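The chain below stands alone and is given in structure tokens; this is the form predicted alone.
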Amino acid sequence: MEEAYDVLIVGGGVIGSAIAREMSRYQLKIGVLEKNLDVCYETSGRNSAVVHGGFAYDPGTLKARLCVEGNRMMDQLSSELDFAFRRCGKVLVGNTPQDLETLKKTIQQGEENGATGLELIDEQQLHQLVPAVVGKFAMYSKNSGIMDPFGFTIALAENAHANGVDYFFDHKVTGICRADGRYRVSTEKGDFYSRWVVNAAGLGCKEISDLLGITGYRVIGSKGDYLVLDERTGKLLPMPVYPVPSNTYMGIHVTSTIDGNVTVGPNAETVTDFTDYGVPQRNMDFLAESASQLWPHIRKADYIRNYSGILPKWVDENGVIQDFKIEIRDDIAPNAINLVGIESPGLTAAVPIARYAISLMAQREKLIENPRFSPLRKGIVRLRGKSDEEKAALIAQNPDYGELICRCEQVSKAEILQAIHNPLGVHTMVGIKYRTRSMMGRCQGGYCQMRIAQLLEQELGLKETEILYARQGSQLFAGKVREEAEG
């Protein structure tokens, strides 16, 4: 049967899901084609998880404008979509006269961009905010914050889905052609048809742009590695701590996370392989050594994990990083919204980016509001952080809250079951992890991973060989060891 849509969005990460959610405000049939098995396996889930203030970008750019807009609306989005966000502030720490001049210029640039709450603070004020930091002065951005990037992306996607958007996972786009006023979008699972196509492919943006016929963009990968420290370090870092930035790079920083860990990084390496997320030992050593100059509390005993992320940066012929590109090329690809080089601050700016893209569409056809649209979404109710009385009430309502599956992160069976039966139909181990924080604690799944796999088998009727860690081909089990031994 032919799958026909008003809009097909290529890419279901934070940008694609934000566009899907904002487009569902209108009477449109919308589909999202995502090559992975979930919405946050690439750049959307592999970043610093910082809500930026908008001071780091050249005045007049989309990055500056949309970042400031995204920062201002984050409280409302967090309330509507029920994801974790805290406006904790951020400091950029300096020591030299040159650092001081750079920070003064950064404040001036931020104010030109419309950012607020920026001020220079002295050493005493700095150590009142972050006692453990090393520095003589700092720029304090009180409106910066931290968030759960997995929760944000998943919330956007679930809200879009609840408002009628169809998600198709494991659907890598292989071709796009236009005929008779509509597009045929070919995937490895079949063809789809649509009046509009949106390129929100992130790391694949150049490939999809080329398939649309909009060629010539040069997109490089900027890979950043991170260390994750145990939660016991979190009390020493109430807000993210950055060095004084350069013109193109914010530097290796130390970031408090929404759940109490600390991340160290990123470095920045240009890469051509957009699938290699390995973190070499030399890079971990470099991160620790560099960041210790700002925050001397990084010890190998506190390392619990590392990870990396890759940003798609659009650069010119001289390698200079360019602004976000959000365009409709009526002469080449009418009814196609092309987004290229959506890197940092894309997480902060996701919803304003979506609204900007939709405004281009609205200039070309009348959009009719969807009277049934709801901006609200409720996430999984977490046991962790609740008072004893609140825990007792949850257990009384649902006894599965009384059984802990993940001890490190205090994740109950009730939460795991809600994640297994998530609205998007994701059933990988990492999909459960991102929805509950199970397997994210000190033991990294040593206690809970097999119990979660067993619940996946029981709840979804899966064979052990059908349980995937994250992607196709990532089976956890090859079969039953005892049955093979008996045979």
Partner chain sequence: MKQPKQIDAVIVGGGPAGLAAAVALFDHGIENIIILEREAQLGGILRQCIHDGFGLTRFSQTLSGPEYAQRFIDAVEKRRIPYLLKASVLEVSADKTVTAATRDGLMQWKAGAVILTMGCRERTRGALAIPGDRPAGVFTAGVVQAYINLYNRMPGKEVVILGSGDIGMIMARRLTLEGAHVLGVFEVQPYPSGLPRNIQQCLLDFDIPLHLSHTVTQIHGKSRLTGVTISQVDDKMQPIPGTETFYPCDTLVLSVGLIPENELTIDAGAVLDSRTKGADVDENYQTSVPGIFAAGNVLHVHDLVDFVSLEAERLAASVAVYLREHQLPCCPIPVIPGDGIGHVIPQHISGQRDVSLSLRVNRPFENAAIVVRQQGRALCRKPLRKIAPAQMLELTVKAQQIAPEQALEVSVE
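Residue numbers count along the first chain shown, from 1. Keep in mind the model is a prediction, meaning the values are calculated, not measured.
Quick note: we don't show the form predicted in complex with its partner chain, though the next part is all about it.
The candidate spot formed by Met284, Asn306 and Ala478 is fully in contact with its partner chain in the predicted bound form: every one of the three has a heavy atom within 4.5 Å.
Residues of just one listed stretch (127 to 135, 344 to 352, 360 to 368, 406 to 414) have heavy atoms within 4.5 Å of its partner chain in the predicted bound form: 406 to 414. Checked against its partner chain in the predicted bound form, the residues Glu101, Asp316, Asp122, Asp388 give one hit for a heavy atom within 4.5 Å, which is Asp388.
The partner is absent here, but in the predicted bound form a heavy atom of Val279, alone among Ile176, Val279, Leu118, Ile337, sits within 4.5 Å of its partner chain.
For the chain shown alone, Arg451 is a contact residue for its partner chain in the predicted bound form, at least one non-hydrogen atom being within 4.5 angstroms. At the 4.5 Å threshold, heavy atoms of Lys29 stay clear of its partner chain in the predicted bound form, well away from it. Using a 4.5 Å cutoff between non-hydrogen atoms, Lys300 counts as a contact of its partner chain in the predicted bound form.
Contact annotation for Asp273: at least one heavy atom lies within 4.5 Å of its partner chain in the predicted bound form. Along 92 to 128, a non-hydrogen atom within 4.5 Å of its partner chain in the predicted bound form is carried by no residue at all.
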